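Take a look at this single chain, the form predicted alone, given in structure tokens.
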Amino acid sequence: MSNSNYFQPGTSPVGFKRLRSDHLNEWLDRHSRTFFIAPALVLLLAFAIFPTFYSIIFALSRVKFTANGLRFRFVWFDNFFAQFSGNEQAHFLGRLTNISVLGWVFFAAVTAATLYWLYKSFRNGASVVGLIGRFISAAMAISIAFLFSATLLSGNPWGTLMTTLFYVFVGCTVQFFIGTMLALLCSQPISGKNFFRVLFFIPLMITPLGVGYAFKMVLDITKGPLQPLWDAIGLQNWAWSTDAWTARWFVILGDSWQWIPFIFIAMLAALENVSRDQVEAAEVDGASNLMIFQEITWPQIMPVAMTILLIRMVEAFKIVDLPNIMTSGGPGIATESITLHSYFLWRANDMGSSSAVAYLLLILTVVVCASFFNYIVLGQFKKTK
């Protein structure tokens, strides 16, 4: 609006200034949201989006350190393809040769079940976007089934991908089960439960670095506090860090000790919000504890449980501290996660491969967690309605 519209005959200069001030205040009110969001947006662009695009350049390039800085040579997706072929394949995927009959049978069964699930989705009239999402999830499931068949079921060594999936699925399952059982126990009217609540919460306040060093010292066969126990059971000459399976389970043990309190606290809060009237009514009707949990307690705590499990899965994909401190990824690469794999490549100044491995982890995490949310979490929601 032009100034002539404000300055009408008979309007004084003071009145004109007041009109301009009112117009400015009105304009600021209309755009206040933009002004409030702008600082956060600038920080996001500076500290999140820009490094993300810069890391993409690293992932698509061979990076060489020179006296004048970094020199990039674009190789496009060669850094990604290298993780699926050649020498790096054994590091990322594992050995995929000599697949056993059991491995092929398991792979065929999973593939058939997945294709049947896709067929049912198509027959039920899923949208185009839904079918694309299901196709991506199915491709990931078939790929993981093939890796499982070619490595664990065929006696071949794992790569960092399968090790990470082992930490995610096995570790999160153990932690969720124990954390939920402890929450159920402390939700009962027992004496001293406030003490146990505080006691169970302590590990969550310790940094992963401290947890790793603590467990490395506790599990020391020769000098740790459990050394008399190892001697008593005849393990004084045994080194757990040289056995692949023992090392993996001990890493999960340390990770579980730190993260079970997180699940415990969240599940305890959910359990304490369960309607007592419904539980007491079911008890009066003679329902068993198992029936009460299945029909009353679980439907009410399920949204919290699924959310907590999803958050824990995302965190488990990023595990790096414990295997690095406790075993340095060994023996060999038996306990090396994808994040630790990327870190070792970065430490070796292979910036391109390090970024490529990190983006492969991002793709894996997004697909697995999105599939878990869409087909398990939302499925549970539909069942409880």
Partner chain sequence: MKTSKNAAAAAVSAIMLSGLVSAASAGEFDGVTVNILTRPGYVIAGPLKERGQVFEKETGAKIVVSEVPYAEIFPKILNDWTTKTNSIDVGVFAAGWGVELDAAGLLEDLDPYIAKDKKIDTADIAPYFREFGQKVGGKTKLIMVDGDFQMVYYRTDVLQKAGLQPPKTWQEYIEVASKIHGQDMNGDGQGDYGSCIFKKRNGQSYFAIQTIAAPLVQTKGTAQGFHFDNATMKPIVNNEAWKKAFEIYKETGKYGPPEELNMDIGDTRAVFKSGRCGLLIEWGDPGTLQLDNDAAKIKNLMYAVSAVGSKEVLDRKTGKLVAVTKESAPNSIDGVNYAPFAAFGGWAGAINKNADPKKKAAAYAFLSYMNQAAQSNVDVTLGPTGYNPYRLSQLKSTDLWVKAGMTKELAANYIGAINAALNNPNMASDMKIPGAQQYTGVVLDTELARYLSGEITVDQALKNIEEGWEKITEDFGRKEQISSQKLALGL
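Keep in mind it's a predicted model, so treat the numbers as computed, not measured. Numbering follows the first chain given and starts at 1.
The same protein also has a form predicted together with its partner chain, omitted here; what follows describes it.
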Open item on the list: Only one of 330-338, 24-32, 313-321, 38-46 has heavy atoms within 4.5 Å of its partner chain in the predicted complex; I'd like to know which.
Closed with: 330-338
Open item on the list: So its partner chain isn't shown here. In the predicted complex, which residue out of Ile142, Ala282, Ala90, Leu204 has a non-hydrogen atom within 4.5 Å of it?
Closed with: Ala90
Open item on the list: Please tell me which of Asn237, Asn124, Asn273, Ser288 lies within 4.5 Å of its partner chain in the predicted complex, judged by heavy atoms.
Closed with: Asn237
Open item on the list: When the contact criterion is heavy atoms within 4.5 Å, does Gln300 count as touching its partner chain in the predicted complex?
Closed with: no
Open item on the list: How about Ile260 - does it come within 4.5 Å of its partner chain in the predicted complex, if we only consider non-hydrogen atoms?
Closed with: no
Open item on the list: Against its partner chain in the predicted complex, would Leu219 count as a contact residue? Criterion: heavy atoms within 4.5 Å.
Closed with: yes
- [ ] Indicate whether its partner chain has at least one heavy atom within 4.5 Å of a heavy atom of Met326 in the predicted complex.
- [x] yes
- [ ] Give, in sequence order, every residue of 141-165 that has a heavy atom within 4.5 Å of its partner chain in the predicted complex, or say none if there are no such residues.
- [x] Pro157
